[in-house]
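Take a look at this single chain in structure tokens; it is the form predicted on its own.
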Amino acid sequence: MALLSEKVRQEVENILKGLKDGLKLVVFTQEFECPTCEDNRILMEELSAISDKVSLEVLDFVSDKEKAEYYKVDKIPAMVVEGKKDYGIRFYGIPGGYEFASLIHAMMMVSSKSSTLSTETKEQLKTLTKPVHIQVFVTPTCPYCPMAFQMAHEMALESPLITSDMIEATEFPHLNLKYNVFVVPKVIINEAIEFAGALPAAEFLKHVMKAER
């Protein structure tokens, strides 16, 4: 049974006609152990079938351990949105609800190699000298969550030192406990800086630069 309705599939097809360069969805799964992995794989298969500029690579989290280590994927279901190179854009958990539109946004961004960040923000990101890991906890019904992790994904696109993870909070309860996730979006940067809510780019950037220091 298809996960995408015909209406949604048509809408996505119209959007993906705007893809510039090709991209690849790298999916990590292990469907016997992971209750949402199968649906995530099926969704990505349907999505990649819509456009010939979108390819799909499905990997087993255990047997393809070297690939998981290469992409630094440590939980499943996981997906990397990869263009001509790996920009550090990750999705953990099946991207449903508001998250699905943000996945399409990430695909378009990677294909065009272009973000909506200001020139000033881009120049600031170029001054980074150390790796920055941004984790954004979200839920499918949160209307403010896409603003937070799209911002993180755009920063990852602009800086080779940034890795940005969208984490679907309901699928990883142990991480909710670890990071005290009681509201979403919640952002954790380098295990040291945290804040809740969708901040403007300038405020988000301050936290990123502070985390590096």
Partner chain sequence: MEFILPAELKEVPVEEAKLYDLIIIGAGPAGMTAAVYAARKKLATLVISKNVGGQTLLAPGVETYMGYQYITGAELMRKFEEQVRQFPIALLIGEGVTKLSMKDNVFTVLTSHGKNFKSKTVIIASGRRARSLNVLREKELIGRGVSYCATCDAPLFGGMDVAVIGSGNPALTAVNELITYARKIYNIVQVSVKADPILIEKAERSGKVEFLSGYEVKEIQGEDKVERIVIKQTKGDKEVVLDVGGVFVEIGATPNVEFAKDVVPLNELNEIVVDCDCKTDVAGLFAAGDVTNVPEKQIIVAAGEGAKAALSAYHYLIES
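Numbering follows the first chain given and starts at 1. Everything numeric here is computed off the predicted structure, so don't read it as measured data.
Separately, the form predicted together with the partner chain exists; it is not shown, and the next lines address it.
In the model of the complex, the partner chain sits within 4.5 Å of a heavy atom belonging to L43. In the model of the complex, the partner chain lies farther than 4.5 Å from every heavy atom of A211. Heavy atoms of L128 never reach within 4.5 Å of the partner chain in the model of the complex, leaving it off the interface.
In the model of the complex, at least one heavy atom of V183 sits within 4.5 Å of the partner chain. Stretch-level contact check against the partner chain in the model of the complex with heavy atoms at 4.5 Å: of 62-70, 152-160, 23-31, 165-173, the positive one is 165-173. In terms of contact with the partner chain in the model of the complex, the residue from S115, T139, Q124, S111 that brings a heavy atom within 4.5 Å is T139.
Candidate site formed by L3, E11 and E194: every one of these residues places a non-hydrogen atom within 4.5 angstroms of the partner chain in the model of the complex.
Contact annotation for 65-102: residues with any non-hydrogen atom within 4.5 angstroms of the partner chain in the model of the complex are I94, P95, G96, G97, Y98, F100, A101, listed in sequence order.
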